[in-house]
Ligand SMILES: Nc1ncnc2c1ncn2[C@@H]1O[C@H](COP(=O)(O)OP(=O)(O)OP(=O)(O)O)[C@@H](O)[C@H]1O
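Have a look below at one chain only, the form predicted alone, in structure tokens format.
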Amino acid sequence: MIVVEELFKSFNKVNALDGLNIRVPKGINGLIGPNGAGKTTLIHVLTGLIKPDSGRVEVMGLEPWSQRYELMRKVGVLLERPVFPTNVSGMRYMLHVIRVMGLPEKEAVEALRKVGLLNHADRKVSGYSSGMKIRLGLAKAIVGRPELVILDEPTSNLDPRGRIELLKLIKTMHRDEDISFLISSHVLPELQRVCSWVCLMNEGRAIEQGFIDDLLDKYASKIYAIRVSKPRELAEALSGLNGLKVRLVKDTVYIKGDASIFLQELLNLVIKTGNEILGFHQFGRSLENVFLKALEEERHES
């Protein structure tokens, strides 16, 4: 859905984007990186708000800054810290949006219903909570049934409950409406719960990108923890497998080694020792670990 090749953009001799290359598929996708990584600059380029110094960009087959009108009919956008008129109701605001877009009024009602604001549509926006304002911005972004919605730090001003509710809403809209999302965030655990693909950015470059499961497999450690009902018997049985280091701590068996060596035999050993598996965990299977290891590898290469 998005192709970026050798993208450069600088501000006052500071490279916000430094030869960025990414390819974003359909689905729920994430842009991950610390503040200053270039995520917001990239979103401004993707939505045609700024023009890069050089490079090639296609969003839905269109060049954002020269074909912005056509692009905005296919892409919805919610920028960071959106501003709304506070002296009008949510419904009146949405009716203004759809009139500008030349759409029927029922589209405003439908968009508010989808984001869970229809019961609050007659309230003034000044009385909306931070979470309700983000939902209003999302309602604006999905008007016209776009194929792609781009969200810049949508959970930054929300409390934990608001963040969970918004992420559930995004998953529901992707499932029911077949809308793809590109979500920028520096909160990695949140994106791990909803995204299927991510790009990890740092200092204007993509240091890693791909489907989350593949990245977790690539960077996760080879240390596993297995909680069982009879840990001593299982630890002794696993110790007999070549290439494994096994340690027993209370009711947990810690294993260091290649999973292909023991996973196929694990179930057989559990049955053989009369055990019951109570828990299984692989250490380092998180986007935080992926980001830190990918960043470390990039530093070593440079």
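The first residue of the shown sequence is 1; numbering continues from there. Predicted model, so just to flag it, every value in this text is computed and none were measured.
Another form exists, predicted together with the named molecule; not displayed. Remarks below refer to it.
Residue contact with the named molecule in the model of the complex: V14 places a heavy atom within 4.5 Å of it. At the 4.5 Å threshold, heavy atoms of E153 reach the named molecule in the model of the complex. Taking non-hydrogen atoms only, G38 approaches the named molecule to within 4.5 angstroms in the model of the complex. The named molecule in the model of the complex comes within 4.5 Å of no heavy atom belonging to R205. Here the marked residues P34, E80 and H186 all reach the named molecule in the model of the complex, each with a heavy atom within 4.5 angstroms.
Heavy atoms within 4.5 Å of the named molecule in the model of the complex are found in exactly one of 66-74, 40-48, 272-280, 238-246, that being 40-48. In this stretch, 103-138, not one residue has a heavy atom within 4.5 Å of the named molecule in the model of the complex; the partner itself is omitted from this view.
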